[in-house]
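What follows is a single chain, given as structure tokens, in the form predicted alone.
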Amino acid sequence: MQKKKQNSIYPSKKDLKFEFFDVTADTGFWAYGSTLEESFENAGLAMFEVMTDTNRITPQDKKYVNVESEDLVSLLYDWLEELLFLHDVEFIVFSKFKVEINKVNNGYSLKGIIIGEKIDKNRHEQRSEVKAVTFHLMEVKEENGYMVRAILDL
């Protein structure tokens, strides 16, 4: 039996949460999910995986996130920026993400619960510092599930 040829320029990684790709001086990732919500949750996980080993984060501090944006790409940007803000201000690294995304009158809303813990330099490997989330090449795509792409300024 011959395999069906894929005609997409986008990766198809059904069971993969995220994967990184090279970008000069920055880092980029694709995050995947069977739902839009799951792809956003995995985008949050990918961003914190750039900063530390998320498997070593004890989920003990819970925060709530609410963002609204005019479209899904802006919603992804605002979601990641809010996570980065909470990380920078409260010195927390996160490893658990649960979001609900709804269409509203002027765009989309995201309500999320994120769980992590205060940074402990003795336990949390310090990888790259994420300075900002960029709009460059940011994308939200529905194709065999959902995939989102983001580039982080390091």
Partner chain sequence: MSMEEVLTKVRDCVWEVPTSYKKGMRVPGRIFLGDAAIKDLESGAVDQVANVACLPGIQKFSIGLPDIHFGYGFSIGGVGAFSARTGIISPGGVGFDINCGVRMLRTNLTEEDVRPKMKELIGTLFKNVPSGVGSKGKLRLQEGQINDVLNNGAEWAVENGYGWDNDLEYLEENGKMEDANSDKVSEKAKKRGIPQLGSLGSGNHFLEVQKVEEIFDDNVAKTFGIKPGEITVLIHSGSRGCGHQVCSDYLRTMDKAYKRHKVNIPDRQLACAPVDSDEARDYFQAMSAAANYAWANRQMILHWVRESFEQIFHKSAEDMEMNIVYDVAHNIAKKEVHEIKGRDTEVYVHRKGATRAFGPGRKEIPAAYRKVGQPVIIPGTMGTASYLLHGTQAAMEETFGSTAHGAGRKMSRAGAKREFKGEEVQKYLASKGIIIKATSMPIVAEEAPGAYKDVDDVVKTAHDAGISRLVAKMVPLGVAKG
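Numbering follows the first chain given and starts at 1. Note that the coordinates shown come from a computational prediction; the quantities given were computed from them, not determined experimentally.
Note that the form predicted in complex with its partner chain isn't included here; everything after this is about it.
At the 4.5 Å threshold, heavy atoms of Thr54 stay clear of its partner chain in the predicted complex, well away from it. Its partner chain in the predicted complex is not approached by Ser95, whose heavy atoms all lie more than 4.5 angstroms from it. Within 4.5 Å of some heavy atom of its partner chain in the predicted complex lies at least one heavy atom of Leu152. Though the partner is left out of this view, Val140 does not reach within 4.5 Å of its partner chain in the predicted complex, counting heavy atoms only.
Just one listed stretch, out of 39 to 47, 116 to 124, 100 to 108, 56 to 64, contacts its partner chain in the predicted complex at the 4.5 Å heavy atom level, and that stretch is 116 to 124. Looking at 17 to 44, the residues that come within 4.5 Å of its partner chain in the predicted complex, counting any heavy atom, are Asp22, Val23, Thr24, Ala25, Asp26.
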